[in-house]
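First, one chain by itself: the form predicted on its own, in structure tokens.
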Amino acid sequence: MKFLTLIALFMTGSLYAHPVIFEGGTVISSSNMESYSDNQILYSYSSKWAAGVNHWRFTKNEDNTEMGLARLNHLFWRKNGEDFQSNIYLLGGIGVIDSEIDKRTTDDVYMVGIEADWETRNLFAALKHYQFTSPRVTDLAMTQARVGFSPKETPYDQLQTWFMVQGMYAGDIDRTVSITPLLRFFYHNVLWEMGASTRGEWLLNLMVHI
């Protein structure tokens, strides 16, 4: 049953977007740009709940804000249509933050977030927002939106290619929206993405299901 579920996930192109996968599945992911990174290990202990650990880095003028979090993800709503799927996820976390911005501080931090996506075999759209709250670091948040398409429907056991555009706004780190065209590839249980923003910032993401 898990194998059939995994096939279904790959066939719809949903490997990137989902914070909760099939029961018993583990996801290792690393999202990286010059201005931020997001590294996670998550285990889905049911089809609606996943838990794990998460490390964030935000960089402003070569100063870093880093966070280590224990996090919990919940599949709040799902709609399966004849040729599409859409999802809403609620996210939360608690941990510690260490910031070099303004002055070096170490304190507690709390994270809340929401992710939503809609997809077919050829089209994809997603929106996510994370808000971080700490006694000494204010207005730290990230909003990210994506749209993309695949030029053809490819069987799950062959290399799949997607073309995407990402927009990102990172609150206290950067007051402008970063636009990043990128290519997404995935094959079996591995996904990788490469791109560069319109202002020359590189992007490199990797995700593996085990």
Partner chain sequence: MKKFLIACLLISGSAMAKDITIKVNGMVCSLCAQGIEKKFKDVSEVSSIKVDLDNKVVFLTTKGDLDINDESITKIITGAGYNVASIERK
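Numbering follows the first chain given and starts at 1. Given the structure is predicted, the values throughout are model-derived calculations rather than measurements.
Note that the form predicted in complex with the partner chain isn't included here; everything after this is about it.
S.K.: Is Asn80 close to the partner chain in the predicted bound form, meaning a heavy atom pair under 4.5 Å apart or at it?
M.R.: Result yes; Asn80 sits at the interface with the partner chain in the predicted bound form.
S.K.: In the predicted bound form, does Tyr110 have a heavy atom within 4.5 Å of the partner chain?
M.R.: Outside the cut-off, so no.
S.K.: I'd like to know whether Asn189 contacts the partner chain in the predicted bound form, with contact meaning heavy atoms within 4.5 angstroms.
M.R.: Close contact exists here: in the predicted bound form, Asn189 approaches the partner chain to within 4.5 Å, heavy atoms only.
S.K.: Please check if Leu203 has a heavy atom lying within 4.5 Å of any heavy atom of the partner chain in the predicted bound form.
M.R.: No - in the predicted bound form, heavy atoms of Leu203 and the partner chain never come within 4.5 Å of each other.
S.K.: Any chance all of Lys60, Glu66 and Ser134 sit within 4.5 Å of the partner chain in the predicted bound form, going by non-hydrogen atoms?
M.R.: Zero of three within 4.5 Å in the predicted bound form.
S.K.: Only one of these stretches, 151-159, 137-145, 50-58, 165-173, has heavy atoms within 4.5 Å of the partner chain in the predicted bound form; which one is it?
M.R.: Stretch 151-159 is the one.
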